[in-house]
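In the form predicted alone, a lone chain appears below as structure tokens.
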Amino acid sequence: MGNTLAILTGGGDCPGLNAVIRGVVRSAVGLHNWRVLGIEDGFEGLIGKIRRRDLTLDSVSGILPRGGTILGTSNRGNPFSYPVTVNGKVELQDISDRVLQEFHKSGAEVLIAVGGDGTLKIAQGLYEKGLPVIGVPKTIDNDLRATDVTFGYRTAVAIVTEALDRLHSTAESHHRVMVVEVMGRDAGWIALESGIAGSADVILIPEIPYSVDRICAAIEQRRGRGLRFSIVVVAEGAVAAEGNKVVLQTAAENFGVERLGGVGHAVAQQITAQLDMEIRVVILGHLQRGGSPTPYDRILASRFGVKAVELIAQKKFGRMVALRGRKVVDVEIASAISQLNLVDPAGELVATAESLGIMVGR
């Protein structure tokens, strides 16, 4: 390549994105004297007139502890399925060729795409059309199998754990059941690990369809021991054994992106139908995405950023950086997005929760 690369952050924001940007810029500029362009608002910044800015050592100074992303992000703007109004009606079109043209006009020769499963699928599609691409995995859900952990996840678990710690005192004082809804569309890692760390009594995850009768029995058992409160942690993608995911907006209603939400209230109503107890629902929502990253996530994100630049120097495109054991390695983006990293219902972590007396829905 020449001397210009571009970087964008796509999908939902999370703590550590700025650390990746900083790692890329400091490594690319400091080691290689390359120019770095920041594409704004994810792939939306490549649609129409390209939205970009120069990223320099000065522009990334002080951003390491900041949450969010200085470039902005979006979970829309998929160039392979982009909403276009035709004759007054919205239809999804493939505008990827136009996006590639706009990208090349920017003067950049390679793209670093930082994001989760959706962002990396778009990156792979552009790579297959000839664009040199490097992927950096980002998701608080920790649902990418090709890497042991994604940055942002540890911070999200810490945030949820602190919330559970705080909810214990008010739940106990008022003798209430607290239903806490957390993120986790397909994978229940946040709910499971924060639930264990935060001493939850019930944990509901997408991988294990839950039984309302068993949940109520667990709460009643606690009441029989004189414990008149319970903490129920439920991932947004959790489903009852005879039910479906609770959806706020279908993909058709939301430009191809399904929005989950409301399972916490659904679970509370199901418990209320069987038990005479006061129940409150807490939806942590985007609190889990916000704020300063933990030291672990700052370090991991920095390592990912440096590794991405190293792959560009080696001309190893179509690759994604990943953590394997204690080493940061690279894998094919195509293989990284082929399978989600889901909680094993028969695995050691679920068994640990059950051994601790936590009811996991079954």
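Bear in mind that the values here come from a model prediction, so they are computed numbers and not experimental data. Note that residue numbering begins at 1 and tracks the sequence as displayed.
This next part talks about the form predicted together with 6-O-phosphono-beta-D-fructofuranose (F6P), which is not shown.
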- Message: Looking at heavy atoms inside 4.5 Å, which stretch does 6-O-phosphono-beta-D-fructofuranose (F6P) contact in the predicted complex, given the options 94-102, 285-293, 192-200, 78-86?
- Response: 285-293
- Residue (of Gln124, Thr155, Thr139, Thr147) lying close to 6-O-phosphono-beta-D-fructofuranose (F6P) in the predicted complex, criterion heavy atoms within 4.5 Å: Thr139
- Item | Partner-contacting position among Arg259, Arg214, His174, Lys129 - heavy atom within 4.5 Å of 6-O-phosphono-beta-D-fructofuranose (F6P) in the predicted complex | Arg259
- Would Glu236 count as a contact of 6-O-phosphono-beta-D-fructofuranose (F6P) in the predicted complex, using a 4.5 angstroms cut-off between non-hydrogen atoms? yes
- Query: With the partner left out of view, is Arg228 within 4.5 angstroms of 6-O-phosphono-beta-D-fructofuranose (F6P) in the predicted complex by any non-hydrogen atom?
  - Reply: no
- Query: Should Met183 be counted as a contact of 6-O-phosphono-beta-D-fructofuranose (F6P) in the predicted complex, where contact means heavy atoms within 4.5 Å?
  - Reply: yes
